[in-house]
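The chain below stands alone, shown as structure tokens; this is the form predicted on its own.
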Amino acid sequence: MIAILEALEQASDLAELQALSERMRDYFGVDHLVYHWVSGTGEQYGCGTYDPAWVARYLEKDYLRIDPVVQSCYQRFHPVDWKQLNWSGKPVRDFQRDAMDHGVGNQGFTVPVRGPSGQFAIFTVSHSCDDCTWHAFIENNRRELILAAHYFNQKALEFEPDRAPDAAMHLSPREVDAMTFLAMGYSRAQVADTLSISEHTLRVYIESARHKLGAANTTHAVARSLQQGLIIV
């Protein structure tokens, strides 16, 4: 996995991203892996292993309007297991049947990612297998999948047309850790224990991050960290 991520960091165009999506699909041993990026102005591109006929049909049918995965990811920051979504309603069931007919698979896991200026992306793996097998796969690979989503998104941002230079502000690794665990619902005591630091030291990291982000309070700082793509949960 480390070698793939290093290659991803060095990618210079979309063709390389496409090749790396295929390589990463094989690494995880799934049927498909897809990254789909949308800028704040609505421009979009992506890479992945879906059948081109399915991609064309998805666009032709304007499935974006009813796709439960995309609709759910617009509303949350946490990764989505497709089994948790509402697949009721005839249009959605028809969409699901069409997707499976095109080899998408009956299982899926999608990581929503948000970047600066309204940029939004989803990173998805999908597969055909039973629920127990899929549950075990997610439990064993969740962290690497989230990390891969982050790497794909960072590279995609470099390719964004007319992208403004990165802001000078960056969170330190410890500040990122603190914001990430707080976003996951950990209490301050739990975060301090997980990071093996005192709560006083944790407060220093939180206040430093809050100041850098121009946030009014800790909750606001966590929200801004997520919105700007500084952390992924």
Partner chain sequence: MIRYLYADELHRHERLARSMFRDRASQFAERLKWPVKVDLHGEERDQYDLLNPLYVIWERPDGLHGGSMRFLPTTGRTMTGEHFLHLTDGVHIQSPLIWECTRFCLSDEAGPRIAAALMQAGSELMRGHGIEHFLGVFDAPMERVYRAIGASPDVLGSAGRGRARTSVGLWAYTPEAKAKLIARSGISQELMRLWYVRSFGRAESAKSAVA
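Since the model is a prediction, treat every value here as computed from it, not as a measurement. Numbering follows the first chain given and starts at 1. The term rigid core refers to the most C-alpha atoms you can superpose between the two forms while keeping them within 1.5 Å.
The protein also exists as the form predicted in complex with the partner chain; that form is not presented, and the subsequent description refers to it.
With the partner left out here, the partner chain still marks one of 200-208, 46-54, 185-193, 23-31 in the model of the complex; by a 4.5 Å heavy atom cut-off that stretch is 200-208. No residue of the trio His36, Ser88 and Cys129 has any heavy atom within 4.5 Å of the partner chain in the model of the complex. Although the partner is absent here, Asn140 is not a contact residue: none of its heavy atoms lies within 4.5 angstroms of the partner chain in the model of the complex.
For Arg224, no non-hydrogen atom is located within 4.5 Å of the partner chain in the model of the complex, even though that partner is not displayed. In the model of the complex, at least one heavy atom of His150 sits within 4.5 Å of the partner chain. Remark: Arg114 counts among the residues lining the partner chain in the model of the complex, judged by a heavy atom distance of 4.5 Å or less. Within 4.5 angstroms of the partner chain in the model of the complex, the stretch 66-100 places a non-hydrogen atom from each of Gln75, Arg76, Phe77, His78, Pro79, Asp81, Lys83, Gln84, taken in sequence order. Relative to the superposed core, Asn217 shifts its CA atom by 2 Å or more between the shown form and the other one. A decrease of at least 3 Å in the separation of the C-alpha atoms of Leu213 and His150 is found in the model of the complex, compared with the displayed form.
Inter-residue distance, Leu147 to Thr218 (Cα): reduced by at least 3 Å in the model of the complex versus the depicted form.
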